[in-house]
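Coming up is one lone chain in structure tokens, specifically the form predicted on its own.
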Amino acid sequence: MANDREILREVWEGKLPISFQLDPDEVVELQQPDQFYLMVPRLSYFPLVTDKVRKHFLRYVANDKQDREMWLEYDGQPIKWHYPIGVLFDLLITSDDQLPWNITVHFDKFPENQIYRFNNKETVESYFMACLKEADVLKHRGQIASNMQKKDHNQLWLGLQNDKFEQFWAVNRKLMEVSSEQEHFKYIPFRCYIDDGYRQKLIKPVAEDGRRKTLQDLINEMFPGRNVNIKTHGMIPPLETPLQWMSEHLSYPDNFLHLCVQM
């Protein structure tokens, strides 16, 4: 069970300052709108935190485009809403000197071939719960998530959506517990982000001889012979960090470790 509560809270409270600007080509008013500034949780998803952004810019776009799906862009690249915000930042931004993160807002020309559409927050919830269940299959053969009641699923989702640490972890701690038979998960749920996607494979937290595997072991299995750094939550963890400890303390709310690979 994840028991370093201060670390869990520190990770949960990670925030990023973002400056949103409407694409000047989409402004129909004579006056350009002011930029909109937000502090957003690293652990959240953009569709959960941008209602105020949409409302701020809506009156500056053409009437026939106001009902269209809003999408975000950074440095000419459409932003994937189904990646957690902290993962996107660690992938796209090389230094904290580039804060606040300047993001362009669009209501027109949705890039169908580059990012998924989302119709409402229920779409995000369905995706999040699917990831969480996949992680539980890897850790506990799916036994914990499948035995949870609907109210537990709702509490997890509302805790994330409303940025409520206690509400979320009251349920999530069950997903982070190990069984009495063994002191570790079956496999470590993780995704290594590289190029324009991510890689994952079945990696156990312990070796055949019972030794606890570390982040270095994961790197050796994923990228044999390559010298890489891993960034998560804006930091580069020591390579000797045990995978089991990382999974319990540094996973995102979907229960996956999201590891940004730096070659």
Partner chain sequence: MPSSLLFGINNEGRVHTLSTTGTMWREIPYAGQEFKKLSAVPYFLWALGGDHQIYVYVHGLDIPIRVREEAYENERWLPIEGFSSRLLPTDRYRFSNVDGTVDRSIDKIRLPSMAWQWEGDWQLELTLDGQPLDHQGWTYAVDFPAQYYSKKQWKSCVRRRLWVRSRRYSAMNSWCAIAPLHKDATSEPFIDISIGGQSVAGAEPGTMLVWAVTSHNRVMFRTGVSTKSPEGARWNPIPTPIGSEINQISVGPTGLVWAALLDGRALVRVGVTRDSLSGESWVEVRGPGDNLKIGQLSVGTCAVWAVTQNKQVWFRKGVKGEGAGLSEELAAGCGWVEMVGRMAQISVAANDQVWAVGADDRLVYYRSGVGASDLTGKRWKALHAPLQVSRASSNASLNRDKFHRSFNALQSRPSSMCEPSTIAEWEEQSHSAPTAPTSLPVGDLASKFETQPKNPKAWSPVHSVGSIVGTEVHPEVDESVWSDGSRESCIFAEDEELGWAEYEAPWSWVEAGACTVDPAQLPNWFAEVGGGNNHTEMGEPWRLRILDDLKLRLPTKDLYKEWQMAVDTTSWVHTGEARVSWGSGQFVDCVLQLEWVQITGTLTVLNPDGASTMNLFSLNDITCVQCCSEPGSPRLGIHVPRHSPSLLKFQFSSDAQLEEWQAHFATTCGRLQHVLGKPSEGSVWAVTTLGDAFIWDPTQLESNQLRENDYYVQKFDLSGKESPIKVALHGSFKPGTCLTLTGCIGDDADRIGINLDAHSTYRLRHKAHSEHENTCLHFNPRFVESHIVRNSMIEGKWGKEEKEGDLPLKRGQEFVLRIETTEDAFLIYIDDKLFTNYRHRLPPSSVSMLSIWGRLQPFKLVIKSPEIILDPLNLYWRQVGGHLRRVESCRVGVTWAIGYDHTAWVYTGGWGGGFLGALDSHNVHPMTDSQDYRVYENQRWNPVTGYTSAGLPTDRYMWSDATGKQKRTRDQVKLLSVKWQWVSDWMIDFHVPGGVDRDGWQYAVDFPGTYHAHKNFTDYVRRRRWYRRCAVATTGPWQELGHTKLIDVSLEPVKDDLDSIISVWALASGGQAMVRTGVTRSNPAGLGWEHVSSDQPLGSISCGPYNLVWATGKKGCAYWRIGITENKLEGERWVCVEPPNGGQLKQISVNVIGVWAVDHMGRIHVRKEVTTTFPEGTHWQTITPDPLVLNAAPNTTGFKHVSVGRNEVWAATNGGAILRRAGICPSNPAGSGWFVGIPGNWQQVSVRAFN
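Since this is a predicted model, take the numbers as computed values, not measurements. Residue numbers count along the first chain shown, from 1.
The form predicted together with its partner chain is left out here; the points below concern that form.
Asks: From the list Val61, Leu38, Met70, Met222, which entry has a heavy atom within 4.5 Å of its partner chain in the model of the complex?
Replies: None of the other options qualify; the answer is Leu38.
Asks: Name the single residue among Asp163, Glu125, Asp152, Asp136 that comes within 4.5 Å of its partner chain in the model of the complex, judging by heavy atoms.
Replies: For this set of options, the contacting one is Asp163.
Asks: Residues in which of 125-133, 181-189, 74-82, 140-148 have heavy atoms within 4.5 Å of its partner chain in the model of the complex?
Replies: Selected stretch: 181-189.
Asks: Taking its partner chain as it sits in the model of the complex, is Val206 in contact with it (heavy atom to heavy atom, 4.5 Å or less)?
Replies: Looking in the model of the complex, residue contacts with its partner chain include Val206, since a heavy atom lies within 4.5 Å.
Asks: Though only this chain appears here, would Thr241 touch its partner chain in the model of the complex if you measure heavy atom gaps against 4.5 Å?
Replies: Result yes; Thr241 sits at the interface with its partner chain in the model of the complex.
Asks: My question is simply whether Asp23 lines the interface with its partner chain in the model of the complex - judged by any non-hydrogen atom within 4.5 Å.
Replies: Asp23 lies outside the contact set for its partner chain.
Asks: Report yes if any heavy atom of Val228 sits within 4.5 Å of a heavy atom of its partner chain in the model of the complex; otherwise report no.
Replies: Val228: no, not in contact with its partner chain in the model of the complex.
Asks: Any residue of 230-263 with a heavy atom within 4.5 Å of its partner chain in the model of the complex counts; write them all down in order.
Replies: Going through 230-263 in order - heavy atoms within 4.5 Å of its partner chain in the model of the complex - the hits are His233, Gly234, Met235, Ile236, Pro237, Pro238, Glu240, Thr241, Pro242, Gln244, Trp245, Leu250.
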